[in-house]
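One chain is shown next in structure tokens, namely the form predicted alone.
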């Protein structure tokens, strides 16, 4: 079932704001990871503004859905969404990576309202998500655990240990999302360490798999809603994305994995993000 044009327009605007926040935050900090933050902006917008059962007035309510950002370096995207949802004041975004700030360079559940798991060491987030899903089952809490994994993370053995455990325990409230932009800090994945065939790997580990365009809200939302219907298996969404999405000089360029922007680059990026939003909102002919 297609979502309404009104909702698509709303989510497009939110994703655009998330992208602008990412650029501004990283420029203010003088460090950070723009490429992989931009690539998950649409997924984050869909999760926080359509899918997740969360409440900014009660961030730790027991029956909330959980989100583990295993690729923790992309936290600016999540920080933006949390501020837009009212978990903390928007002004806090200017303090990214500052000493004493609630917004550190990787998510910290002890500092930031709305963060469910401290992450940063790649490969560990899915294990935490498996533990959360098991814990919720033991407490008879009918909530979902989402885990966003970087494609380079799939080179980590711990990802596959966690995947094996999730299938063994039939964790059908666990949904992993792979941000499959095919780039990592050292370059193209097929040159650094090939992980294909990705779909067949997850299937062989006992997961239910759907592959989508990770920048298409209809596909993101429809896929997650469908995955919720699948019982007795953990589920994974292989989201094909573009690193640096919506900023021409960043798209598909590995250098922007962890490179800050100059002032001129920041201004150009903001302008291009606005143009991309306008382009996305044009009706199909």
Partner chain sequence: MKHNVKNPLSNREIYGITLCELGEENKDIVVLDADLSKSTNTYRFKEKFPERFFNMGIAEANMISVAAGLATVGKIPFASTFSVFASTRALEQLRTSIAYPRLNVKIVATNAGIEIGGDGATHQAIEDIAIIRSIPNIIIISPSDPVSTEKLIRAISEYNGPVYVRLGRWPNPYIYNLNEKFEIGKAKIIKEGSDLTIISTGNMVNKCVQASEILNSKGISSTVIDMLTIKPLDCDIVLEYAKKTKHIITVEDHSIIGGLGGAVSEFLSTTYPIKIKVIGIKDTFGTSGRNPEDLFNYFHINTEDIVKEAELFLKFN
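Every value quoted in this text rests on a predicted model; they were computed, and no experiment measured them. Numbering follows the first chain given and starts at 1.
Not pictured, yet referred to below: the form predicted together with the partner chain.
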- the partner chain in the predicted complex: contacting segment from 117 to 125, 70 to 78, 195 to 203, 182 to 190, heavy atom within 4.5 Å: 117 to 125
- Report yes if all three of 155, 176 and 178 come within 4.5 Å of the partner chain in the predicted complex by some heavy atom, otherwise no. no
- Could you tell me if residue 94 has a non-hydrogen atom within 4.5 Å of the partner chain in the predicted complex? no
- Is there a heavy atom of residue 66 no more than 4.5 Å from a heavy atom of the partner chain in the predicted complex? yes
- Item | Residue contact check: residue 89 to the partner chain in the predicted complex, 4.5 Å heavy atom | no
- Item | Contact of residue 209 with the partner chain in the predicted complex (heavy atom, 4.5 Å) | no
- Message: Between 103, 82, 151, 136, only one gets a heavy atom within 4.5 angstroms of the partner chain in the predicted complex; which residue is that?
- Response: 136
- Message: Just to make sure I understand: among 146 to 177, which residues lie within 4.5 Å of the partner chain in the predicted complex, judging by heavy atoms?
- Response: 158, 161, 162, 165, 169
